[in-house]
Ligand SMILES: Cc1ncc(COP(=O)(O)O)c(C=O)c1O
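Coming up is one lone chain in structure tokens, specifically the form predicted alone.
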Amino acid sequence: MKIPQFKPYIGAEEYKNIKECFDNNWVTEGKKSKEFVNQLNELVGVKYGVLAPNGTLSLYLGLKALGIGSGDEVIVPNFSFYASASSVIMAGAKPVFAEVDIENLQVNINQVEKKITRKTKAIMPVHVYGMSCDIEKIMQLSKKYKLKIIEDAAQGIGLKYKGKHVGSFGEIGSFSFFADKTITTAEGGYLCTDSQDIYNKLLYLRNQGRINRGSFIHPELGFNFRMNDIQSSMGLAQLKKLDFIIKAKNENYALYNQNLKQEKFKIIKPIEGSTFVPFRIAILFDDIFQKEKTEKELNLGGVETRTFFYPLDRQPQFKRKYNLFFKPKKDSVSLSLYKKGLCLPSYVGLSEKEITYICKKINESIL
């Protein structure tokens, strides 16, 4: 078999919506984008939202709207995608890395508190692999130390914690619609907030320092961080499929649990209070040798796997540029996760036969 890590779930509905943009001769940001934002706001349960070109720039816009810049520190989980940290640096601030819990991959609250200094201005909790972090405790911490919260919910569309959608807890929530996300616009991002003041700042920042197009008077400093109606048309079609996508992904997760023996490894599951929208089927092995053996067997069998995130405090670029700031421990939780973790395919359209085949390969590889 040839089983890729991911396939986007797109088809005739997306084509039809995109065609409407051409029929109406409007391809830049317009009515479709406004409709997409309105539906996203309703889904997440927030008052205001704006679109961005991608998830990285979405985080950057959020940080700038919160007034974060030179001399400020932002606490970021050490186990996350590179953009969580690079967006902080892009904003002119310094990312400070807090370790995560090895049981659930989410940021460790005690580690976050230890990293708070007088320079700390914000915390960026990340909802990893379609599972919520303990955002309730993060919010308590933010109130205690009077810190801003920008949620990195890039992998969290459709995900809730105790009945409330992730991305709606902090001052700002940031989402991504890259091709491998739960819903996709090929590239794209979305920021949301309940603060009108933050919303206005986002409008200026993303639209050349003005509220509306067509004006050549620019009251604020801003840039071009808009999306377009072609992408938003895709997003509208994807939102109609969201319930089905979530259901299908959870059915995949159930099949993995049913067929895998889970000897010498475990399947990562959400924390209590979190729903699950499996962005990845994440498994953690007891030792590095078994992980590497299983990975090799799967790849030889035509199954594309993916490792866990490489620790942010060990990223080569950060080490070269910020050597005095980032001094990773020899053995950290994030490094152990990288060495022992493996992601399995979980996309919509993955058949029961394919999942059974993947599980058979894994079970046979266990010594």
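Each residue number is its position in the shown sequence, starting from 1. Given the structure is predicted, the values throughout are model-derived calculations rather than measurements.
Omitted here: the form predicted in complex with the named molecule. The next part is about that form.
Trainee: With the named molecule left out here, work out from 79 to 87, 224 to 232, 285 to 293, 260 to 268 which stretch has heavy atoms within 4.5 Å of it in the predicted complex.
Mentor: Going through the listed ranges, the match is 79 to 87.
Trainee: Even though the named molecule is not shown here, does it sit in the predicted complex so that G55, Q155 and K181 each have a heavy atom within 4.5 Å?
Mentor: Result yes, every residue of the spot touches the named molecule.
Trainee: In the predicted complex, does Q106 come within 4.5 Å of the named molecule, counting heavy atoms only?
Mentor: It does not: once the named molecule is placed as it appears in the predicted complex, Q106 has no heavy atom within 4.5 Å of it.
Trainee: Mark V126 yes when one of its heavy atoms lies within 4.5 Å of a heavy atom of the named molecule in the predicted complex, and no otherwise.
Mentor: The answer is yes: V126 has a heavy atom within 4.5 Å of the named molecule.
Trainee: Please run the contact check for S176 against the named molecule in the predicted complex: heavy atoms, 4.5 angstroms, yes or no?
Mentor: Residue-level check for S176: yes, a contact with the named molecule.
Trainee: Please tell me whether any heavy atom belonging to G188 falls inside 4.5 Å of a heavy atom of the named molecule, as the geometry stands in the predicted complex.
Mentor: Close contact exists here: in the predicted complex, G188 approaches the named molecule to within 4.5 Å, heavy atoms only.
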